[in-house]
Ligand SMILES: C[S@@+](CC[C@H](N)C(=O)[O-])C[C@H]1O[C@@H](n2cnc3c(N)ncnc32)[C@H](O)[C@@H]1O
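Have a look below at one chain only, the form predicted on its own, in structure tokens format.
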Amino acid sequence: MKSEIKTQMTYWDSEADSFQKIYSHEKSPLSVWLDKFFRKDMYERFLFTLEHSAPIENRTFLDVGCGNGLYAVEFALRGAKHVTGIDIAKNMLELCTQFATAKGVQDRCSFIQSDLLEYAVNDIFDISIGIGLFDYIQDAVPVLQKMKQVTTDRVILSFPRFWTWRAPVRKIRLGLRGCPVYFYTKKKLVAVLREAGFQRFEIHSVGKLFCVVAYSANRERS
């Protein structure tokens, strides 16, 4: 296992509970308000992903870096045929399983502890997502290539923007905790997507993020 993956695994295992509370709002009223203000784009990218995943019903999804299962469970609730979530952090996957069970969709969700590049994908998916994933991957191209390879329709992604006030703050804060984080200019993002083999893609600015819809079949969304 690469040292980068080990570092991320340790970090996210320790952060699983705190990450969960960003969405569950099991915090003080002040902390909830601060999340809604400073992490507004996290909620916006969730809405972006759902909107650009339509139609969801009877389709299969791969959620790379599935975190606490927020996206995977929502897809299942909206009628997805099956959702496979993979993540390197065991504690995150435990949250996924608990969440899916609580919502009654555990039969249509599978959660696997793995890095995508080491995971032997036996299925092809209609849609793959990587939300909040590429913040923490130094070389995005191999991961994007594999996502394209196992996806028939489109890949939905998020990347943190370089030129924002939050970028240096995150860089320092996470760096002090031993968690590297990577940022993108639009020029760099275009180059990475093309190197990964995507010929057709849309890049949207969503808060301090770039949200991307990239087409595996090189066609527009119908």
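Just count from 1 along the sequence shown to find any residue number. Remember, it's a predicted structure, so these values are computed and weren't measured experimentally.
Only in words, not in the display: the form predicted together with the named molecule, which the text now covers.
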| query | finding |
| --- | --- |
| 4.5 Å heavy atom contact, Ser114 and the named molecule in the model of the complex | yes |
| Any non-hydrogen atom of Leu133 within 4.5 angstroms of the named molecule in the model of the complex | yes |
| Contact test in the model of the complex: Phe198 vs the named molecule, heavy atoms, 4.5 Å | no |
| Non-hydrogen atom contact Ile137 with the named molecule in the model of the complex at 4.5 angstroms | yes |
| Residue stretch of 124 to 132, 99 to 107, 74 to 82, 147 to 155 approaching the named molecule in the model of the complex, non-hydrogen atom distance within 4.5 Å | 124 to 132 |
| Residues of stretch 72 to 95 in contact with the named molecule in the model of the complex (4.5 Å, non-hydrogen atom) | Ile86, Asp87, Ile88, Ala89, Met92 |
